[in-house]
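Just one chain follows, in the form predicted on its own, and it is written as structure tokens.
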Amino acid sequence: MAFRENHWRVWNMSNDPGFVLWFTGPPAAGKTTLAERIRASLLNNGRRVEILDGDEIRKGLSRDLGFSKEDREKHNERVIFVAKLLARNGVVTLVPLISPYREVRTKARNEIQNFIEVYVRCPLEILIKRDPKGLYRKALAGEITNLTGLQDPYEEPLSPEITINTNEQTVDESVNTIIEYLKARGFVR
């Protein structure tokens, strides 16, 4: 049987561009919640969507890494690499990742075509009240010593494309803000 090149092509059936929504913010700000809701919305509109959740990536691709500055940077670099591959193949890639360092987010922006930074912002006192994973409680009790935004630095974005204040907006309002941004720039219809 002769090799026919067209049998091996991967098609983006909708011809819509892939892009990366990079959700950054401290723990419990709402990054994953927003990514999941955006995913549902985009799937309903026929888009191929993948979530690269930082916690899930740590269970597989980054299970060898801890939480030192160097390990966090390496973890982020791995996510950047996967997000870049997905986006260039037409997949909408949602990355809810603390990504505390501006330098790493700048690297993501420089390496990924159609990169959109979404700063998910919330005051510390609200984050401590939310605390769905008990991280703030453990950090305040001294059980963990490197919680981003409390014991380790979180460098706020200087010029994100989108800023969401989850203490001021409902999840629906936040999702609508993001979808409207994407529509205005031709990423979604």
Ligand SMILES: Nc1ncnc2c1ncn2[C@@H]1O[C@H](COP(=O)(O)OP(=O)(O)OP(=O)(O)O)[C@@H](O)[C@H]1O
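Numbers follow the displayed sequence, beginning with 1. These figures come from a predicted structure and were not determined experimentally.
Just so you know, the form predicted in complex with the ligand exists too; it's not on screen, but the next bit is about it.
At least one heavy atom of residue 170 is located within 4.5 Å of the ligand in the predicted complex. Interface residue remark: residue 86 is not counted as part of the site for the ligand in the predicted complex, having no heavy atom within 4.5 Å. Looking at residue 133, you'd find a heavy atom of it within 4.5 angstroms of the ligand in the predicted complex.
In the predicted complex, residue 163 stays away from the ligand, with no heavy atom inside 4.5 Å.
Proximity to the ligand in the predicted complex, taken as a non-hydrogen atom within 4.5 angstroms, holds for one residue of 125, 70, 64, 55, which is 55.
With the ligand left out of view, the stretch that reaches within 4.5 Å of it through heavy atoms in the predicted complex is, among 125 to 133, 43 to 51, 155 to 163, 138 to 146, 125 to 133.
Contacts between stretch 82 to 96 and the ligand, counted in the predicted complex as any heavy atom lying within 4.5 Å, involve no residue at all.
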